[in-house]
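Only one chain comes next, encoded as structure tokens, the form predicted on its own.
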Amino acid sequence: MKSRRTLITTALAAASMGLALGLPTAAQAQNYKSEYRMSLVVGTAFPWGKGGEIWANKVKEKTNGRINIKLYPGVSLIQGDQTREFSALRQGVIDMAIGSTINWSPQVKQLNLFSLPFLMPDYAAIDALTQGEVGKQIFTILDKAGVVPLAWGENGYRELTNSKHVVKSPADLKGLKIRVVGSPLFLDTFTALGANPTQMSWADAQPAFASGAVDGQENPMSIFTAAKLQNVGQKFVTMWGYVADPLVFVVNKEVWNSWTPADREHVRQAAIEAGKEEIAIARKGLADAGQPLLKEIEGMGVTVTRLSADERAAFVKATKPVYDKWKGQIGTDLVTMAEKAIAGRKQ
């Protein structure tokens, strides 16, 4: 009897120690999946995909292998339809993701904030939003929408490229067929500029550039170089910085709730660390003095156009009606908060 009592006491002590350390009990461990599915739009050749790889590795290390993550680039869990990613995440088809605010904006209208044309003039403006009260409010909105947001990443400023000619004014865009993501705001913006916006997935876009079915596109320069868009006719780049695309590290709520509090904190810290590293990778060569990445691109036979203040102002003026229309749809209070944060940013 004494021996049995000793065994029970020892088992209870071990269980208590496990809980204190945040280790899963036997019952909890059964709820852990052998593998968790992370959705990404692009692979690890891109900063965005690299961020996913870094997050997965850090989670495995911090949880001592209790949480293993497999990357699914090309939004392959949802047949490549990036605009369905957020819905699939809420439904549990996807366990976790690093998602684009653009791709998720059809389901969460406030994310259109970051796609307002010419809202964020520099990297300090992006940081003022994501790392301040606006970012906290967006996280609260995402939580209410059904996911657990953990950290910010960055896809970068979306610059304009095309296969036809130099673009320095809205008039130069007239009639150009420009591939855009599936966002009504993007359609409105390029229509206002006189272009012919064409919605298609990234997987479909690259063959369309090669065939000449589409004239141009807008994406961060890290996407341009990793996808080698100069090889599919994109010979003209316009650095206009009209929108930037923050990324969000999130987890499905049921998955999140299946983990111990300690493991949740491990996953959160891993996301924060990975987000910081991913942002540094995304800005490399562009935030640095002399923007060496642009010199590298020019060395590939690409014409890079840097707009003057007056040239940029012409684009701002042309898209002002779109900005005003969408300010109301996104939420005037939220946009005004963002404008004030940017005006007060530290340079």
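Just count from 1 along the sequence shown to find any residue number. None of these values were measured; they are calculated from a predicted model.
Keep in mind that the form predicted in complex with a small molecule is not shown, yet the notes after this line are about it.
Taking the partner from elsewhere, every residue among 158, 202 and 245 has a non-hydrogen atom within 4.5 angstroms of the small molecule in the model of the complex. Contact annotation for residue 279: none of its heavy atoms lies within 4.5 Å of the small molecule in the model of the complex. For the chain shown alone, residue 59 is not a contact residue for the small molecule in the model of the complex, no non-hydrogen atom being within 4.5 angstroms. The closest non-hydrogen atom of residue 103 lies within 4.5 Å of the small molecule in the model of the complex. Interface membership of residue 234, defined by any non-hydrogen atom within 4.5 Å of the small molecule in the model of the complex, is ruled out. Here is the short version: of 223, 250, 270, 167, the single residue with a heavy atom within 4.5 Å of the small molecule in the model of the complex is 223.
Here is the short version: of 195, 181, 229, 138, the single residue with a heavy atom within 4.5 Å of the small molecule in the model of the complex is 181. Listed stretches are 173-181, 86-94, 255-263, 105-113; the contact stretch with the small molecule in the model of the complex is 173-181, by a heavy atom cutoff of 4.5 Å.
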